[in-house]
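Form predicted on its own, single chain, as structure tokens, below.
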Amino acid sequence: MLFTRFLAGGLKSPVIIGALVVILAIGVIVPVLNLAVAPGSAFHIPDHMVPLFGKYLCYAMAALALDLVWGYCGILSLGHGAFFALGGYAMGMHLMREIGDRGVYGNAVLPDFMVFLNWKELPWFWHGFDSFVFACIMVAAAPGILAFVFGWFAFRSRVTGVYLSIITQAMTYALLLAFFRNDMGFGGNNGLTDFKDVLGFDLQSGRVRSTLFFLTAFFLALNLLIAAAIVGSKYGKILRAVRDAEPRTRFLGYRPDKIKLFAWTVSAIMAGVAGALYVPQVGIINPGEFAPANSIEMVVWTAVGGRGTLVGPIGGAILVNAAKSWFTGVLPEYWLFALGALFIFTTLYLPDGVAGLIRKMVGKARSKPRGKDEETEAPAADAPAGAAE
């Protein structure tokens, strides 16, 4: 009951309601156009496009998670890729356990890479991942615990600004180096791949791909609703106060470290869920997901879409990654230059992102210009009574 009332608080904005409707509609329309429309039709969506669109929605969820802390709390995280990757590894470990004896080496307990590296038994931290429920818990727990511990020390120490951004990037880079090691037990450089099925259903099946796409759209809508409820609550007002004037908020009796810690942990869990939905659709998870460049790209998506708007970063992630797919197919060697130019252009000329530009355009369209009759009558109304005589 309380959770339902909490979620209802996120439905106050027509923009949020419209975005929820659009996301859920996309979650239904894309599978229908893939499964129910004949391949020869102009409206048919090919099989390979469904997981690609699903990947875009996962990135949109990651951008939304970043916007919650950057746009509304002022925390510029350059390490959110770590939370995304941890959620992905948690789901990847379950999918590896689902393979069983169907792997290359036919070992029912050890994944192929462990057999290749002469591991004799399953590491303790792999136990439990044969259960889907346990894996789902770890999808939220792994990034959530890391974020809570990291934030507890960072925010209590009052680390802010560029210093906080640097240590978040150091965190994800440290995890990158750790997961690259073969003795860590996560597949080393190759990561986890060759997934067969989930809950007994073939991952290569068109129905499974469409179901995963719908679930991604559903969780994106749910995360948007949760974020909107948080931002629209009394806590959300305090969160913005911490962003705009943290010392003043502290002098008023609030604890900025606890306020930021809650938003930071929730944001990390959102990113972890995005990573968990990303892995079965893409088919692989490796240490490259921890790369600092991935976290920086999330910042670009959020900035282009419009930070502090919730809906803007979702659109920004989809637009930028769609452009990336097209650009890397035409001029792959110039994509990073184009991405850097896009970020510089956004910073200089679109500080509020695409969402801010749309808001300004709508505001101008709604403002009624003064006609000629109003302009000629206005001075007469201000003139003294005897002036007309």
Partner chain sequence: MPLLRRLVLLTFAALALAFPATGARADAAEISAIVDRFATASKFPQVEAVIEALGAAGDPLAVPALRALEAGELQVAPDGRVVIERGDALLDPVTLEAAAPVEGRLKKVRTKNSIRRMIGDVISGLTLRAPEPAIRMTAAETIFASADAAQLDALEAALAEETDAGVKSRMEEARAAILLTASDDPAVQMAAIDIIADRGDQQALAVLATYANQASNADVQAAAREGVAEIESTLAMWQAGQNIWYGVSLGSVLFLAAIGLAITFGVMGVINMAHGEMVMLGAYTTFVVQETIRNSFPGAFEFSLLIALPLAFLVSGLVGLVMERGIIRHLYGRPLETLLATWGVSLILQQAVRTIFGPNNREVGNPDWMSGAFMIGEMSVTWSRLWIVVFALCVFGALLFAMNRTPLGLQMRAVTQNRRMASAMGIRTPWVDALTFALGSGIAGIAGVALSQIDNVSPNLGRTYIIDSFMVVVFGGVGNLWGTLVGGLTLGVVNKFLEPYAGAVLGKILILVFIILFIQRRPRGLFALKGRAVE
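Computed from a predicted structure; not experimentally measured. Numbering follows the first chain given and starts at 1.
Absent from the display: the form predicted in complex with the partner chain. The rest refers to it.
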item	value
Three-residue site 50, 80 and 218 fully in contact with the partner chain in the model of the complex at 4.5 Å by heavy atom	no
Stretch from 274-282, 135-143, 164-172, 189-197 whose residues place a heavy atom within 4.5 Å of the partner chain in the model of the complex	164-172
Contact assignment for the partner chain in the model of the complex, among 185, 74, 128, 103, heavy atom within 4.5 Å	74
Contact residue in the model of the complex, chosen from 358, 28, 35, 339 - any heavy atom within 4.5 Å of the partner chain	339
4.5 angstroms heavy atom contact with the partner chain in the model of the complex for residue 181	yes
Distance check, residue 201 to the partner chain in the model of the complex, heavy atom within 4.5 Å	no
Partner contact for residue 293 in the model of the complex: the partner chain, 4.5 angstroms, heavy atom	yes
Contact test in the model of the complex: residue 307 vs the partner chain, heavy atoms, 4.5 Å	yes
Residues of 146-160 having any heavy atom within 4.5 Å of the partner chain in the model of the complex, listed in sequence order	150, 153, 154, 156, 157, 159
